[in-house]
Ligand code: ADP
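First comes one chain, alone, set out as structure tokens in the form predicted on its own.
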């Protein structure tokens, strides 16, 4: 009853599936017909043997029915038991086969048939549960289309998705799935990318924006230039990572296998003791039958498989069962700051005008002056001005002075944008004030002619999900630390905003390793969350390394878990999933031991008959498997097509001059 979980999912590439695939079939259609027929046949034979016994028919009739039923029903049990014998391992199949044969030898034909029927029925339940656990991958595959609309010059033709190469332009209609990672080249729409990034709200995209394979185009037709396709796309990486993770056994799974074997050994010893004390063959058989560790042996890999699938559906890739188990036991979460707790890019936080100017005027002057700038602060100003709806035009002239700022001709006036040395008219000093984000913001001053116009404050702001993430981690009893190479002042400001008490600033990568080592040396189990090249050593050193999806390639390769969409809420959800999986496994462990010990005692003193023992065995096994199955993520459905009447048709997009 304990085949290798994930074996089928760990194989080669799986073809794309559509809505009519096996993933959408009801459970009764997933049952193997041969297994179902075999189980029904054995049950019918048990009933027939019982009727013939009760009617006083010849012993040979009952025996003949039983032998036929056992030959048909026990064949798969014999095959698995023989494989276990050859592998020199004890298993529940072997113990059940011993019980079935023992009951038949003493003439308890009905008992042996009932046990066989129960075992076969439990096999079907286990297969169904494991199959549903793997549906997380199948559901992901089902969202990608088999064919796509490829723009070839002025015409659009339908081609297989497998034929698409980077650089080609695809047309995606409203309601359709985006088949590749790429960049929007024409059109605009709202995109549901919850399957990929965990973002619950639709994301507006337009020309120049990136989109992910597996997202759903909701409102308008768009054209997408393919950047990453197939296994290289975000979707392909999700699927391959989940496949590999579900096929890798966790330490707790290996423990479950060992415990299952020991339960069988104890049952056999208990049966021997029962026979020596009572000389009652029926009680002896009942002891062997009642002891079952299939709930552990099958329920544990199912819990691991389902938890990894659930995490993938909620925005996190866990690279193996080992990391899931480690994550369930951590007590300390350490964050990098830049790019992890913060966006990692400068953003305008406020425009502070001087007398006679308003914020929009100051921002408009600065954005126009920085129109040609390649400096990160200048780009941030231009991007913010456009985001708030201001018109940004090119200046009449542009002069960049490194280390100072820019001077531009705007409407015939000389406008200076830069630091205090470039705009000495600005209030002095540049020290932090009540509105400079506690010194964490950089001040960019603006002057028109010789008149000071105002100051724009720019800072690397905290992610929207960061504060709630830290709050949730604290509520879960976890310690939270922040490590950064940034200045103490900036680090303390961000930490204060987010509610982080322990801060280590101005660190080199080697210093971050020292902090992690110090935490582990005093007994803490540590998660490190980062995004950059300099975080890779720390990610590898921690008990569990978690990389942001927007981070560097080396960070994602080094990490044990990847947050697909860089939403820190995915981190807290993943920790909860890992802890829940651990609780379920521990309940299965404890429950199995209690049921087995009580069952063997009751069987040994003659209270349980072999049939009642078989019922308890299969009932407890089914209960623990279903307990693990609670982790299986619910079925996701395609969003209904919603076409905005104001949007151009697919044929119109991109058909004009390009």
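So that the term is clear: the rigid core is the largest set of C-alpha atoms that superpose within 1.5 Å between two forms. None of the values given here were measured: they were computed from a predicted structure. Positions refer to the first chain, counted from 1.
From this point on, the text means the form predicted in complex with this ligand, which you will not see here.
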Quiz item: 268-276, 101-109, 161-169, 402-410: which one contacts this ligand in the predicted bound form at 4.5 Å, heavy atom to heavy atom?
Solution: 402-410
Quiz item: Quick check: do 325, 328 and 596 each get a heavy atom within 4.5 Å of this ligand in the predicted bound form?
Solution: no
Quiz item: Is there any non-hydrogen atom of residue 318 lying within 4.5 Å of this ligand in the predicted bound form?
Solution: no
Quiz item: Would residue 375 sit within 4.5 Å of this ligand in the predicted bound form, counting heavy atoms only?
Solution: yes
Quiz item: Does residue 73 reach this ligand in the predicted bound form, with heavy atoms at most 4.5 Å apart?
Solution: no
Practice problem: Using the partner position in the predicted bound form, report whether residue 370 sits within 4.5 Å of this ligand, counting heavy atoms only. | Solution: yes
Exercise. Name the single residue among 285, 180, 298, 483 that comes within 4.5 Å of this ligand in the predicted bound form, judging by heavy atoms.
Key: 483
Self-check item: in the predicted bound form, the one of 444, 306, 542, 548 near this ligand [non-hydrogen atom within 4.5 angstroms]
Solution: 444
Exercise. Check each residue of 314-348 against this ligand in the predicted bound form and list those with a heavy atom within 4.5 Å, in sequence order.
Key: 336, 337, 338
Quiz item: Comparing between the shown form and the other one on the rigid core: C-alpha of residue 370 shifted by 2 Å or more?
Solution: yes
Quiz prompt | Rigid core superposition, residue 477 Cα moves 2 angstroms or more between the shown form and the other one | solution = no
Quiz item: Against the rigid core, is the Cα displacement of residue 506 between the shown form and the other one at least 2 Å?
Solution: no
